[in-house]
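A lone chain, given as structure tokens: the form predicted alone.
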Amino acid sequence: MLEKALSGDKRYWSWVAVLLSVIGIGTFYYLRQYNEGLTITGLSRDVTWGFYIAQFTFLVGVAASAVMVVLPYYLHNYKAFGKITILGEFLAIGAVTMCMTFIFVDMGQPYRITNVFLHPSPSSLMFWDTISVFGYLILNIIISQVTLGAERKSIAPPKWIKPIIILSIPWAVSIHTVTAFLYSGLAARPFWMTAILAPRFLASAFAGGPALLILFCFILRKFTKFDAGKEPIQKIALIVTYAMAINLFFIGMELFTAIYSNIPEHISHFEFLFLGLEGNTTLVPWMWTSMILGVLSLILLINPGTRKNEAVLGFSCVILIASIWIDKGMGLIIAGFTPTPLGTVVEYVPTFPEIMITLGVYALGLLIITGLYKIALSVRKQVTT
């Protein structure tokens, strides 16, 4: 089926050419980073995780969100999701690939990642996070290949794939839970040391990922003959609405606990995010933008009239994704390091090479998703004709 990704019209190949160009630029700056080290980034001794890990955290949620279409379709036999389940699985494959690539570029020297497998340490959460993310990628590749292959032949999927599909549901939850444990297990970082970090991660994942899937459905409808249908899109929009409401509720709980308790070690991180600390206000406009966009998106999604208007729904999904990307990305990562355990404020701003490498990784993920979606739509077209 891979050959179907190698055929397309002028628009398709123009898009592929743009993505390959961005990947090439990102590769150039990565080779520079490989030669010169992480000194070309904005990272330092005090802020050891930055723009790369922020993208990793966001994209793990996008990958995990595939379960929100897999679970109703395969476990509850909700046939309305039949057209988009494979799109969710392919989105997960692209997202997981980007996650692993961001870890790869963040390691500095690529051979370091092999130490996780050459010298496994079951007591390390990094080891389990690597296993869960890589295992989730393998599961989605197997499930999508088998189910799409069966659809191509117009036969039912083999019975042995059903247990693997069921296994992928809790596995999807695990990849974001273990990622949250990576942060909340660090005792010297009070901003991350909260029991609701994992539930908050999952809530934001089940809002942002399906919202992105809705946008992809709209894009496919505009540029191809594929139409997911109004019913499944509106059902996914409901999932996004409930998940975003829970996500904002969890953020409110964190704010209340920090402010009401007035424990300096906890409240200082939120001061840094929303008010600035020691004159450093780098993230203040970003965080207020995130909160405003998040609340606005929820208002538009809760109202049935605006949610059922697809133009407004698309806008709501865009600002919702932007809100989560800011809060769960740079907001979460940088605030965890600021102030430091010694109470100092160390400024971090991603450098131009960091941004270019990040764009290259995103272009790689979009290229994979583009090719996989091309295969899925080609198979659907072949089956219906």
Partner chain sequence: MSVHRRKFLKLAGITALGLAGGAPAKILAEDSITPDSLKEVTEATATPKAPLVARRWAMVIDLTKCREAGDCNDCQKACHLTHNVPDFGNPKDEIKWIWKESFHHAFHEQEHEFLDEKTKHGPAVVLCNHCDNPPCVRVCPTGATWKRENDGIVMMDWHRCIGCRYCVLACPYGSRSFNWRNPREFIKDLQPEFPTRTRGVVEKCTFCDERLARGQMPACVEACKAKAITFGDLEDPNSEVRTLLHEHFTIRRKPGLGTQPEVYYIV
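Residue numbers count along the first chain shown, from 1. Here the structure is a predicted model, which means the values were calculated and not measured.
Another form, the form predicted in complex with the partner chain, is not on view; read the next lines as being about it.
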Handout entry: Heavy atom of residue 112 within 4.5 Å of the partner chain in the model of the complex
Key = yes
Exercise for the section: Determine whether any heavy atom of residue 76 comes within 4.5 Å of a heavy atom of the partner chain in the model of the complex, and answer yes or no. Expected result: no
Practice task
Would you check, heavy atoms only and a 4.5 Å threshold, whether residue 164 touches the partner chain in the model of the complex?
Solution key: no
Problem - residue 263 within 4.5 Å of the partner chain in the model of the complex, heavy atoms - result: no
Handout entry: Listed residue (116, 258, 237, 283) with a non-hydrogen atom within 4.5 angstroms of the partner chain in the model of the complex
Key = 116
Fill in the blank from the handout: From 173, 141, 107, 228: within 4.5 Å of the partner chain in the model of the complex by heavy atoms is 107
Completion exercise
Of the candidate stretches 248-256, 175-183, 131-139, 229-237, the one with residues having heavy atoms within 4.5 Å of the partner chain in the model of the complex is 175-183
Exercise for the section: Tell me whether 36, 124 and 344, taken together, all sit within 4.5 Å of the partner chain in the model of the complex, counting heavy atoms only. Expected result: yes
